[in-house]
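Quick heads-up: it's one chain on its own, the form predicted alone, in structure tokens.
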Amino acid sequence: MVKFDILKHELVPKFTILSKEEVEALRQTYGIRKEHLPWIRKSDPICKVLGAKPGDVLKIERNSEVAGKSIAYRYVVPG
């Protein structure tokens, strides 16, 4: 069985788990609770590789020819 690091695949964007301070800054900037962010399940392969657990917030950085850099966030939920 061949195993590979999915984070190194060219089509997978950069994922980062935010610190508590970064989550608080994000919350204050947008005036939201982290539960209002789009969700990603703990069982998602990216969450498994990163070791993300429910309650964490992931930052997703994508490169775009049109927009340059696109940043999105996901709230990790059980499942």
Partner chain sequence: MSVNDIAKSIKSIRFGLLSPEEIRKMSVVNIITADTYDEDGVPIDAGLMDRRLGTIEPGQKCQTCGNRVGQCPGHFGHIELARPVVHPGFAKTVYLTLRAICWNCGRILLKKEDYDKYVLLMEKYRRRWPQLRHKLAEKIMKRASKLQECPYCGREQFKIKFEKPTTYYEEHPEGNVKLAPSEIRARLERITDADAALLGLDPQMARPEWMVLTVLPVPPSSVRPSITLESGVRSEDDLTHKLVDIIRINERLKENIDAGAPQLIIEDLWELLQYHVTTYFDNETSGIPPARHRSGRPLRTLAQRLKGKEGRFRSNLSGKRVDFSARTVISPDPLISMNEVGVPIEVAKLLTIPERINKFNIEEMKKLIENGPDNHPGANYIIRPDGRRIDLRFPKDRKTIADSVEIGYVVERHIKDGDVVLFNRQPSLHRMSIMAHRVRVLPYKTFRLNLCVCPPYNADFDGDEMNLHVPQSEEARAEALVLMLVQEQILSPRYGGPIMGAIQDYISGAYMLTKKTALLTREEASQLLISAGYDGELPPPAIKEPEEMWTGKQLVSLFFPSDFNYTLKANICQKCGQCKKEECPHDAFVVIRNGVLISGVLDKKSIGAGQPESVLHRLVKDYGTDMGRMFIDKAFKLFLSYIDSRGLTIGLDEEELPKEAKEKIRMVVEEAEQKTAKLIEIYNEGLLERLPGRTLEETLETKIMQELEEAREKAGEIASQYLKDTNSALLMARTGARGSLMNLAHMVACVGQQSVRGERINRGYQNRTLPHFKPGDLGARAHGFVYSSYKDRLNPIEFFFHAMGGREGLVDTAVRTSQSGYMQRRLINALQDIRVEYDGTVRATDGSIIQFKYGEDGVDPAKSDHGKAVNVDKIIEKVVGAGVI
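Residue numbers count along the first chain shown, from 1. These figures come from a predicted structure and were not determined experimentally.
Not on display, but discussed next: the form predicted together with the partner chain.
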query	finding
The partner chain contact at residue 48 in the predicted bound form, heavy atom, 4.5 Å	no
Proximity of residue 64 to the partner chain in the predicted bound form, heavy atoms at 4.5 Å	yes
Partner contact for residue 70 in the predicted bound form: the partner chain, 4.5 angstroms, heavy atom	yes
In the predicted bound form, residue 37 touching the partner chain (heavy atom, 4.5 Å)	yes
